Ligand SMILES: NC(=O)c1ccc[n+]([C@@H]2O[C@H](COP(=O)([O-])OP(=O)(O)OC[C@H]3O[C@@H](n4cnc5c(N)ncnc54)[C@H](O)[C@@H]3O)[C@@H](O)[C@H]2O)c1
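Read the single chain below, which is given as structure tokens and is the form predicted on its own.
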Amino acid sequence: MHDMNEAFGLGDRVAVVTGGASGIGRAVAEVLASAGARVVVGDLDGAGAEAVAGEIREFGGEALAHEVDVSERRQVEALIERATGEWGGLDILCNVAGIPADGPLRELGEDEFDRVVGVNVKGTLFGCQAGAAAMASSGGGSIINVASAAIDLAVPNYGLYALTKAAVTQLTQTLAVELGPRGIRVNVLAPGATLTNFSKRHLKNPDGSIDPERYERFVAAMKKTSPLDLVGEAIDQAWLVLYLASDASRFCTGQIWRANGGAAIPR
């Protein structure tokens, strides 16, 4: 018989999660903590990060909050240093932080390009660089980046976002080759439609409230893209992250993991 806790348990491991104040990042931080990891919750929203860390502590886990702008290299390095300084090392890094971009590529301005690339691409790269340095000194670890189903489907007005997530995917696979000899695994998620504030931005009224009719239409439309007739939730991505963070996935690196309800199946 196999010991499931030995395979999937994260006791005594240290994890950093960016974008941890909400959505997929929050679910990831909570799941990793539930599996026994000590988690640093990083986010530009410092108060939101503290709320998540506080909730984890209330349920008996170990967590710290750290405000970070991932587009700034030094801030990312300080985030990793917070984990290693508090708990002596780093075993798991989840680069979840990202921002959307809407509009046709023919109208894309340089400022918007720099803003989105700064968070989605540079932020992921900075995290991988600082995280890999910390992991190499302690014998290895697991890095999980987040791309999008946009890498598989050409959708009008999502070109810049898709471009950045394609870059994250190639970044991941190259790093998997470069860092494998150091015992560091690097994988990437390509989530499908997932109900978070990130996806709900198109469904809001001018006062910020969610339009219930538009919400229902959105959910119905997303369900139709899935053979399972489902739309994803943040926890669906978090369970996959748990697998990739754990020893159960010790033979997995450089792969694109698609929890998308089958939406990207060619048909």
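Just so it is clear, the structure is predicted and the values come from calculations on it, not from any experiment. When you see a residue number, it is the position in the sequence shown, counting from 1.
Separately, the form predicted in complex with this ligand exists; it is not shown, and the next lines address it.
S.K.: So in the predicted bound form, are 127, 141 and 186 all sitting within 4.5 Å of this ligand, heavy atoms only?
M.R.: Checking in the predicted bound form: none of 127, 141 and 186 is within 4.5 Å of this ligand.
S.K.: Within 4.5 Å, heavy atoms only, which of 241, 37, 68, 40 is in contact with this ligand in the predicted bound form?
M.R.: Residue within 4.5 Å of the partner: 68.
S.K.: Among 197, 137, 157, 174, which has any heavy atom within 4.5 Å of this ligand in the predicted bound form?
M.R.: Exactly one listed residue reaches within 4.5 Å, namely 197.
S.K.: With this ligand left out here, work out from 144 to 152, 85 to 93, 105 to 113, 174 to 182 which stretch has heavy atoms within 4.5 Å of it in the predicted bound form.
M.R.: Of the options, only 144 to 152 has residues within 4.5 Å of the partner.
S.K.: Would residue 193 count as a contact of this ligand in the predicted bound form, using a 4.5 angstroms cut-off between non-hydrogen atoms?
M.R.: Contact with this ligand, yes.
S.K.: Would residue 10 show up as a contact with this ligand in the predicted bound form if we use heavy atoms at 4.5 Å?
M.R.: Outside the cut-off, so no.
S.K.: Give a yes or no for residue 162: in the predicted bound form, does one of its heavy atoms lie within 4.5 Å of a heavy atom belonging to this ligand?
M.R.: So residue 162 does not count as contacting this ligand.
S.K.: Although the partner isn't part of this model, could you tell me whether residue 14 comes within 4.5 Å of this ligand in the predicted bound form, counting any heavy atom of the residue?
M.R.: No, residue 14 stays farther than 4.5 Å from this ligand in the predicted bound form.
S.K.: With the partner left out here, which residues of 7 to 42 have a non-hydrogen atom within 4.5 Å of this ligand in the predicted bound form?
M.R.: Heavy-atom contacts to this ligand in the predicted bound form: 19, 21, 22, 23, 24, 25.
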